[in-house]
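Just one chain follows, in the form predicted alone, and it is written as structure tokens.
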Amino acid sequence: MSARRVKAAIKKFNKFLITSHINPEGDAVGSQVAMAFLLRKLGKEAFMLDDSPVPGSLQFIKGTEEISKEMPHDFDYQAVIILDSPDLARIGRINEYIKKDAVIINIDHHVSNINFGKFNWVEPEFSSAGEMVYDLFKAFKVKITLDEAIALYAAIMTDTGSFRYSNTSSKTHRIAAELIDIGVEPYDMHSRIYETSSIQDINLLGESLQTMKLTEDGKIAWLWVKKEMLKKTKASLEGTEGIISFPRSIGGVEIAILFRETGTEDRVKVSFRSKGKVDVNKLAAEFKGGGHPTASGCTVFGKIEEVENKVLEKAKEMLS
């Protein structure tokens, strides 16, 4: 499916529910906000609903204040647009608000997407869902304003690691250039998103780095974030997002893994990163997760020590 077919699908309806995955990051938030702006410019109603709150570092983006955690009783939507989510499980409790006969428009760039919608536009070669929403602006021939450019730039910049990751294409840079011409200030964006860490987050990073380990051949590096670390440092789970970049940055490491204890039960969120030689999406799939070849994740039930052993065993098998 292409942007043209999604355009045709959008034309059929007037009221849209927009959502994305739990624990949203820049792409999830930016693409949702930009989509809501676009729909309203087309004369349609749009309501954004997420399972999790918008991270503080992204709340400067105009429109994020409209992302709700509660569904209004009087909003009878006709279609649901789900952005940046490979499956319905990833949108969390928002599933409760989706009617059984709902028309779902699935817009995503994860290679692990299972095509769960009535309309599925899945483009693994795109850098981000934000880049796909940009294409919709162009398909509808709608002019992008500064507020929309900021949302799109945030989506694209964060999912490309500030244009460092392998999903960055020449098209990605051309889009970024256009958004900058509209008025986006790259340093201001980077500063607001990446230079707003609290002392609690930094203290948590210090605690986590002390748990780092490497395999004997130096190809796998991993570390933990345990609940007691969060309690000790008074940091939030939001503050753990960038920690995995540290083991990934070690020379010779092919797979970086972050284990994070979440919730009150024995449940561990596992994040994977690679430098391109190993497809960590396949590794995440072993535990019913997914994502991209160089960045994926999953949730595994069990104590963190047990989960570590299971995951490392599979990771070593992949490397061998």
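Being a predicted model, the structure only gives us computed values, none of them experimental. We number the residues from 1 along the sequence you see.
We do not show the form predicted together with a small molecule, though everything after this point is about it.
- Stretch 82 to 90 is the contacting one of 82 to 90, 228 to 236, 194 to 202, 132 to 140, since its residues have non-hydrogen atoms within 4.5 Å of the small molecule in the predicted bound form.
- Proximity of G63 to the small molecule in the predicted bound form falls outside the 4.5 Å heavy atom cutoff.
- The shortest heavy atom separation between H110 and the small molecule in the predicted bound form is within 4.5 Å.
- Although the partner is absent here, A295 sits close enough that one of its heavy atoms falls within 4.5 Å of the small molecule in the predicted bound form.
- In the predicted bound form, at least one heavy atom of S271 sits within 4.5 Å of the small molecule.
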